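The chain below stands alone and is given in structure tokens; this is the form predicted alone.
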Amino acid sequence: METMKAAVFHGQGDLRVEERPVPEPGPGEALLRIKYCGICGSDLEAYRYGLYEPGIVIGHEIAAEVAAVGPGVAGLAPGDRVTSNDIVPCGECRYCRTGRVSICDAVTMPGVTCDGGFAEYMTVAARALYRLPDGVSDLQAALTDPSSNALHAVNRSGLRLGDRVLVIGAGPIGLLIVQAALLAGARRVFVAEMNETRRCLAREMGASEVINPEVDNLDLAVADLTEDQGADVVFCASGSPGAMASTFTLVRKGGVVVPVGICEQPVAADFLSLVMNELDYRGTYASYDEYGLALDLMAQGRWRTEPLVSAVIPLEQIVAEGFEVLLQPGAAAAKILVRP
């Protein structure tokens, strides 16, 4: 039996690289040879708090090559370069039938509900795969998932041409939201971030103003930048309860707030401002339709992902040089890719 190396989740703070049998593709599935798999914020939260089922191979931000296909798969062949959607919807529930597949009742999520990409090989439903366009590298494609998440958040926001946007948190999703907001027609994008390295990345991604909330009063800075009105749209890409709570006073009357970061702790909600200012809060979770858009934008040279890649590490070092680095307080790294 052919074996492979895989990062297996065993519980809170326990991720081990082990030998596993190479899986075989079933009907409608493809076997992928993984080129890169990115460490996602959700992977970090699962590792920190023990959120996944023990025994699962985690990882879902992949670039891969088709190694084999199972019965009934058409249109894919060994050697095809692909990435996979991190959502495989059931196609039958009320949310799928109404186009809200990100909140499918019976969703399958590689690396979350079934074995994923921190391995040399993985199997996935062939219908979840996207061929990589010519000119899109494997390294770029490994950031298709966070790119599509950022595009989905901006689509959910209803951002309009000329809006002034505030992004709180310049992690990978926040940095990609800067780019997505500008493509959608934002007049100016402001970023609030405490880490100096990430502030520099925010400027590189196109932010017009970058604020350090540890030094400057964020409310006063945003008021000054918006003639005392507040931002038209606020994206909170931080999982901090304080950052989430601050959005109520940073958005203008009638404005839109999109909480993107997942916050595990309770958040103090200013419902007086919510009601009196007729604020619009719009949740956003993962993505689906924006995968193809992200790849098209990369192929057209209109979407940058390379500046976000802080390091590429071997699978054997996924904990020491990946998870533990990203979980350090004040970690400057944006995206770390694992190369099995």
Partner chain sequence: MRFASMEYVKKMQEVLNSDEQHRRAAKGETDSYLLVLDPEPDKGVAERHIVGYSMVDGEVTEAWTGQRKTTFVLSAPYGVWVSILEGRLGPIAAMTTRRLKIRGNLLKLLSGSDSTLRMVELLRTIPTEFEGEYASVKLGQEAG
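Numbering follows the first chain given and starts at 1. Just so it is clear, the model here is predicted, and its values are computed rather than measured.
One more form of this protein, predicted in complex with the partner chain, exists but is not displayed; see below.
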### Full three-residue contact with the partner chain in the model of the complex, heavy atom 4.5 Å, for Asn217, Ala268 and Met276
yes
### Message
Contact with the partner chain in the model of the complex for Asp228, defined as at least one heavy atom pair within 4.5 Å: yes or no?
### Response
yes
### Query
Leu183: heavy atom within 4.5 Å of the partner chain in the model of the complex?
no
### Message
Against the partner chain in the model of the complex, would Asp224 count as a contact residue? Criterion: heavy atoms within 4.5 Å.
### Response
yes
### Query
Hey, in the model of the complex, does Thr197 get a heavy atom within 4.5 angstroms of the partner chain?
no
### Message
Within 4.5 angstroms, counting heavy atoms, which one of the listed stretches 87-95, 124-132, 146-154, 207-215 is next to the partner chain in the model of the complex?
### Response
207-215
### Message
Please tell me which of Arg203, Arg100, Lys253, Arg187 lies within 4.5 Å of the partner chain in the model of the complex, judged by heavy atoms.
### Response
Lys253
## Note on the structure
Checked 296-324 against the partner chain in the model of the complex; residues with a heavy atom within 4.5 Å, sequence order, are none
